[in-house]
Every structure is written in C-alpha cells, then in structure tokens.
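Take a look at this one chain, the form predicted on its own, written out in structure tokens.
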Amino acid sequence: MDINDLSKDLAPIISNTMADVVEVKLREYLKKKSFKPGDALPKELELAEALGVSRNVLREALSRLRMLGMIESKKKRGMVLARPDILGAFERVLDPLIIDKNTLQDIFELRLVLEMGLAELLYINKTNKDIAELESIAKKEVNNDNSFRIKNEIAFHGKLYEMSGNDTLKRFQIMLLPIFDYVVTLEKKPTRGLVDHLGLVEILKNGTVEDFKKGMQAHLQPHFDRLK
C-alpha cells in the first residue's frame, strides 16, 4: 500500500495542546485540594509559574473552565470556584434545528423516564393550590384542536415539574419543550393513554404514590408503545 494514500486515510495523531494539559492539571488541583464553591483560586501569575507555562496559555485554560461554569471572577477576590452550572452547556445546544432525529428520540425517552419518577417528590410537595391549578389546566383541554392540546400538555407537565420542588428538574423541563414538537411529528393522529390529565389530578387528590405511578404509566403508555 502506498504510504501517501495511507496518510490521507489516517490523519496523524495530534498531541494535546498546552492549554488542554493545563486545563486537566487545574481540574486535578481543584479536586486534590478539595476546593468548594466560593473558595478563591491562586493568582494567575502564581498558577502560571507553578505550571511552567505562559499567562496566555493559563488564561485559555481558565477561560474554558469559566465557560463550563466551574469558575467565576469576583470583585476584589479574583477567581473563585463557582457552583457548577450542570445544565448550561446542554441548554446552548438543545435546539431541534441542530439535533438529529436519533438524539431527539433519546432525549424524549429521557423525558419519559423522568416523568415516571416524579411521583415521590410530588407527594412530598403537593399543595391544594397546586392541585387546583393542575385541574384548571386539564379542564381546558376538552374538545380543542391539536395545537391547543400541545400547549396544555406543556402547561400540565410543566406544572408537575414545578410541583416537584426541584429547581434542576424545573429548568430541565423547560429545556425539553422542543421535544413536544418532536412528539407531534411522530403522531399520525393524537394519542391518549388510558389515564388522562384529569385522571392524574384525581389520583393526586385521593390516591397513593403507587396509584400515581401506575396512572402515569398508563398515561404515557402510547409513547412507550411507539418506541417498541
């Protein structure tokens, strides 16, 4: 085989840049020293000298950590370890226009799993006011067109995430809104489970956690069936 042809098919392996190495070293240092959110990092000059790199290389590595939400700059304190924004990067790319069909289905399946697991949190945090709001949303669904149905689907399930009392779940649900459009494209006609939204509300009023889990399973079953 001609070596030139082989070189075209197998690109040379490129070693990590200095910034890559510094980024890894900084992560290891933060873990080794058990840094906590709010702890101040050493000054740039000190870090650069300890690592044996230029300040430009160090700044590039720090900028990557900053983009990931791991560090932030504080007035008069310099760089500090931030409370990680675990969904930040996900938010920037979760756009149905740039996500392929297989990934959209994966995320949709994730949504199904999350909603199946909401029951415990809902029963810990539910209030009469929450249930009244859910019931109001569900009652608006009767005999409306498909676009209105989807709007109410978003409102109903969004309220469930809100009732969970978990800020990360609530934020994640907002990120999953494009997935509802994906569901619509899969439906030749609107599909409904054996338990509708009003049925779920009734279970929240009078049923147990296990009753709600079974109700949610029945509610989402058409979507699970479509995945088979």
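What you see is a predicted model, and the numbers here were worked out from it, not measured in a lab. Residues carry their position along the shown sequence, with the first being 1. Between two forms, the rigid core is defined as the largest C-alpha subset superposing within 1.5 Å.
Beyond what is shown, the protein has a form predicted together with another copy of the chain; the following relates to that form.
At the 4.5 Å threshold, heavy atoms of Lys159 stay clear of another copy of the chain in the predicted complex, well away from it. Under a 4.5 angstroms non-hydrogen atom cutoff, another copy of the chain in the predicted complex lacks Leu177 among its neighbouring residues. Interface membership of Asp39, defined by any non-hydrogen atom within 4.5 Å of another copy of the chain in the predicted complex, is ruled out. Although the partner is absent from this view, Lys214 contacts another copy of the chain in the predicted complex, with a non-hydrogen atom inside 4.5 angstroms. For the stretch 105-128, the set of residues having any non-hydrogen atom within 4.5 angstroms of another copy of the chain in the predicted complex comprises Asp106, Ile107, Glu109, Leu110, Val113, Leu114, Met116, Gly117, Leu118, Glu120, Leu121, Ile124, in sequence order. With the core held fixed, Glu135 shows a CA shift below 2 Å between the shown form and the other one. Once the rigid core is used as the reference frame, the Cα position of Tyr29 differs between the shown form and the other one by 2 Å or more. Relative to the superposed rigid core, the position of the CA of Ala61 differs between the shown form and the other one by 2 Å or more.
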